[in-house]
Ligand code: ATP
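First, one chain by itself: the form predicted alone, in structure tokens.
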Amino acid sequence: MSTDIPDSHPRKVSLEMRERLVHGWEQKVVATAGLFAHGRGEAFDYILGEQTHAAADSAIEAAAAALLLADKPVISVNGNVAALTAKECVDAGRAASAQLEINLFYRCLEREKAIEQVLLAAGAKTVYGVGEDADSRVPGLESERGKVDSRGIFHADVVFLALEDGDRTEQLVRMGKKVIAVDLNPFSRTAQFADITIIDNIVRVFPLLIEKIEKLKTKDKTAVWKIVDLYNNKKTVGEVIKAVRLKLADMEKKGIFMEVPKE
């Protein structure tokens, strides 16, 4: 990673994330399409002020509670997650006693093994979904994302989908699994179909998730269940959409948008 980005640079964190992704791409961890996907998410992060909103914070708490209450929790990992938050992902899995499973849209053994090595280097003991271990399939999902590990996602009751696409989210919900999704786009199918949608940047989500898991471990199980029962995902997503609308309205009011010249 380059060390030329000064601490005073207003885009330092963003630029560092981009460099980690480029490095991941060079190491065959990140798919080329993953670079585009990150840019799309970053655009929403700009609008949301690159901060964790109250709605996202409540969703992270509900996610922490759901993971702790699960019998077979699994954290699904793709290339971008491995490139940006490998250690945090491993730490979250350890805190929640959740398995880690590689699941990719652009699946090939070389990428799977590259991601596996990144996770193992970050401290993971076991990584599911590599090669022939992806021996089962999500019903109704024809893409390579449909291939899952029978020891992991296929039999999981709670699945944490970091940086996800909507079709697998929908099908996993139809399988009866509780799905936790991280997606910066509140308008996506992922955000609409998931049981718990965390609309925030993954680099901010994992540290907060780990913190909340550790805090909830000290709580009575009834109190933890109450967090899950009271959580309303439609309300959460709606609050973020409102935040987007208010931010754009405020920018327009301040004259940030240029008037389009008439022809």
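Please read these numbers as outputs of a predicted model, since none were measured by experiment. Numbers follow the displayed sequence, beginning with 1.
This next part talks about the form predicted in complex with this ligand, which is not shown.
At a distance threshold of 4.5 angstroms between non-hydrogen atoms, residue 88 is out of contact with this ligand in the predicted bound form. Although the partner is absent here, residue 234 sits far enough away that none of its heavy atoms falls within 4.5 Å of this ligand in the predicted bound form. Contact check for residue 166: a non-hydrogen atom falls within 4.5 Å of this ligand in the predicted bound form. Though the partner is left out of this view, residue 183 does reach within 4.5 Å of this ligand in the predicted bound form, counting heavy atoms only. Annotated contact segment (heavy atom within 4.5 Å of this ligand in the predicted bound form): 34-42, selected among 56-64, 217-225, 34-42, 234-242.
In terms of contact with this ligand in the predicted bound form, the residue from 48, 208, 68, 202 that brings a heavy atom within 4.5 Å is 202. Interface residue among 118, 141, 84, 98, judged by heavy atoms within 4.5 Å of this ligand in the predicted bound form: 84.
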